[in-house]
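Only one chain is included here, represented as structure tokens and corresponding to the form predicted on its own.
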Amino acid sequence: MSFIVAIDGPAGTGKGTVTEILSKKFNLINIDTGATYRCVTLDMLNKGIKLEELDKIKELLKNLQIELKVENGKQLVFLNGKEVTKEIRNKEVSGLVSQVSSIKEVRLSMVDLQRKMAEGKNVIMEGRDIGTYVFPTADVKIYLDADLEERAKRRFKQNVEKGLTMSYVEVIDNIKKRDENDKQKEIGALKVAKDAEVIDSTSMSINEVVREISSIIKKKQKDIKMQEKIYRVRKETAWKKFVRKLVKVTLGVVYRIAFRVKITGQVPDEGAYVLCCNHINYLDAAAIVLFNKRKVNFVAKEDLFQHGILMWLGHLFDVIPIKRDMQDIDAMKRCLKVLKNGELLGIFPEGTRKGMEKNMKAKNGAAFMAMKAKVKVIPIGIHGTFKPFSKVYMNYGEPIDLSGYTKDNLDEATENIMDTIVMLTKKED
């Protein structure tokens, strides 16, 4: 498992400096992607290879060795065994690197190298296309921007500090050309990723930029830890079974006191089934779980697990968290595993409470799961106000066989399920 922070943006926005600070602050491996393209450019210049000499460039890439090492707290760049940290920042390399990085073969080779460098590690990478092309699924995506004049001033100052001779006019002209070229690239063009946080650093200090990005990283790390807690599958142990039975009996008694539950029909003692019912109250799923002799693995939105006691109960009763409004592949796999093991899977086709009253279209998930696992659907109609000491009716229908349907008519299968549920909600005795 890796954690990846992608920082993109045009030249002179302070990406390199910010990335270096953040790498130390969060103990992330700093992979300077720009340095990899500069190494290719430097090697081409040293060997007299021109941009149009594609065969020679391909041969160069085959034998190219690039290493990033940290010595005495500083990151050093090695090209074919030689340290070239300063050389790759000279005027000749800076003027040619954008064109070299536009060569398709160079781009593909360096992207492959960068991905290998980051494999299985917690890293931070800066460049032009990290969040859009190199790592489109990066955990954190930042697009760092600034006005052209401000970027030129920063780059000029940086060059002076490094002892590089390039006038301010040359710097601003170089940046203009790079911006234009980077935006026109066939692969990995400079652009803002859809899910990136855009930060304009024109009037911000480095410390201010670092603080803002740090808060974004911390929030994401916190979210990931919460996701790990939510989606962690607790092993089925004797103690877990005992606690579940105890809680089930206790809550069942309380439930019957609060609501005079009347149940008609039942679930077969054996076999896998998908239980589908209407969703009128946040307590209706509890009724199905508590008053079934068999364990019901319910599907519920992941928001349920944000609360301590509900998370504990969710794990105790093997509730399957799902991300709504998207294809949650992990949740689907868990659902199919439940059915494959001959267990019961509970799903609300409405997707939300009182979905039918809101005239919302029922979800096809239940029908899909049943057809995929080749099991039947048991419809359940629930009726009641769920006011204290009122009566709640739970009516189990006959299993519905969906074998006559295909994936092309999932809507029809779902409509069949919902029509049956509606009829069962009107039955009170």
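From 1 onward, residues are counted along the sequence shown. The model shown is predicted, which means the values in this text are computed figures rather than measured ones.
Omitted here: the form predicted in complex with 2'-deoxycytidine-5'-monophosphate. The next part is about that form.
*Please check if R178 has a heavy atom lying within 4.5 Å of any heavy atom of 2'-deoxycytidine-5'-monophosphate in the predicted complex.*
So R178 counts as contacting 2'-deoxycytidine-5'-monophosphate.
*asked:* Can you tell me whether S109 touches 2'-deoxycytidine-5'-monophosphate? I mean in the predicted complex, with a 4.5 angstroms heavy atom cut-off.
replied: No, no contact at 4.5 Å.
*Evaluate G34 for contact with 2'-deoxycytidine-5'-monophosphate in the predicted complex, applying a 4.5 angstroms cut-off between non-hydrogen atoms, and reply yes or no.*
Although 2'-deoxycytidine-5'-monophosphate is absent here, G34 would touch it in the predicted complex, with heavy atoms inside 4.5 Å.
*Wondering, does N278 line up within 4.5 Å of 2'-deoxycytidine-5'-monophosphate in the predicted complex on heavy atoms?*
So N278 does not count as contacting 2'-deoxycytidine-5'-monophosphate.
*Out of the stretches listed (309-317, 79-87, 293-301, 122-130), which one is close to 2'-deoxycytidine-5'-monophosphate in the predicted complex, meaning heavy atoms within 4.5 Å?*
Every other range fails; the passing one is 122-130.
_One residue of V171, V97, L345, V209 in contact with 2'-deoxycytidine-5'-monophosphate, assessed in the predicted complex (non-hydrogen atom, 4.5 angstroms)_ = For this set of options, the contacting one is V97.
_Members of 144-177 lying within 4.5 angstroms of 2'-deoxycytidine-5'-monophosphate, judged by heavy atom, in the predicted complex_ = The stretch touches the partner through R155 alone.
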